[in-house]
Structures are given as structure tokens and as C-alpha cells.
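Structure 1 and structure 2, given next as C-alpha cells, are two forms of the same protein chain, each shown alone.
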Structure 1
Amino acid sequence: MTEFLQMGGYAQYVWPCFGLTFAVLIVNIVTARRRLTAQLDALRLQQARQAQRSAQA
């Protein structure tokens, strides 16, 4: 296991590359989801305002 983690002396180069990759994958999943929920929230607000306006009229 230690041998595997040492990566033949290249550990300081190999593991940061994999770490950055996982970070980019997670950021992509999270931001895409956040963008969709934010859009749905904005539309919900817009709909609620319209309903309010038509109720007042």
C-alpha cells in the first residue's frame, strides 16, 4: 500500500493531478445542479408575483 502511494517517487506529481481531477468533477456536478435549482426558484418567484398581480387586478 505504501509502495502504491509512493508512486515510484512520483507521488507529489501523480496525486495532485488526481486530486484536481476529482475537484473539477465535483465542481461540475454541483454548479450544474445549482444553476438548475436557481433557475427553477427564479421562475417560481416570477409565477408567484404574476399570481399576486392578477389577484389584485
Structure 2
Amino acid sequence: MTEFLQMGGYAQYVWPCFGLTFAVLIVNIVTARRRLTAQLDALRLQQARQAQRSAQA
């Protein structure tokens, strides 16, 4: 197991790359979910405004 973790002497290069890749993926997922939530909120607000205008007319 230790041999695998040391990656043949390249662990100092390999593991930070895995960590950075994982961090970028997490940031990407979080950002996409926040944008989706914001877009859905904007659409709901727009629909509510249109419904309110239709009810007034």
C-alpha cells in the first residue's frame, strides 16, 4: 500500500494534481447548482409577475 501511495517517487506531483482536480470539480458543481437555483428563482418571479398582470387585466 505504501508503494502505491508513493507512486514510484512521483507522489509529490501526482497527489496534488488529484487534489486540485477534485477541488475544481467540486467548485464546478457548486457553481452550477447556484446558477441553476438563481435562474429558477428568476423564472418563478417572472411567472408570478406575469400571473399578477394577467389577473389585473
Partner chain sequence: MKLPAWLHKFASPPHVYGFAGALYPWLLGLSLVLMAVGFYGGLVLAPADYQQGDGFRIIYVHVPSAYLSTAVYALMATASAIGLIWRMKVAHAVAAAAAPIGAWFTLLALMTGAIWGKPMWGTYWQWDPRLTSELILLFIYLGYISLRGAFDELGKADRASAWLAVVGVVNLPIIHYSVIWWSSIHQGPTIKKLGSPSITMEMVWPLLLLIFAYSLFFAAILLQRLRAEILDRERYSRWVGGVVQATASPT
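Between two forms, the rigid core is the largest collection of C-alphas that superpose within 1.5 Å. Start at 1 and count along the sequence of structure 1; that gives the residue numbers used here. All of these numbers come straight from a predicted model, not from anything done at the bench. Residues that one form lacks are left out of the comparison.
Note on provenance: structure 2 matches the form predicted on its own.
Relative to the superposed rigid core, residue 6 undergoes a CA displacement smaller than 2 Å between structures 1 and 2. Relative to the superposed rigid core, the position of the CA of residue 33 differs between structures 1 and 2 by less than 2 Å. Once both forms are fitted on their rigid core, the CA atom of residue 24 lies less than 2 Å apart between structures 1 and 2.
Here the two forms are laid over each other by their core, and the C-alpha of residue 47 is off by 6.9 Å between structures 1 and 2. Comparing the conformations between structures 1 and 2, with the rigid core held fixed, yields only the displaced run 38-57, spanning 3+ consecutive residues whose C-alpha shift is 2 Å or more.
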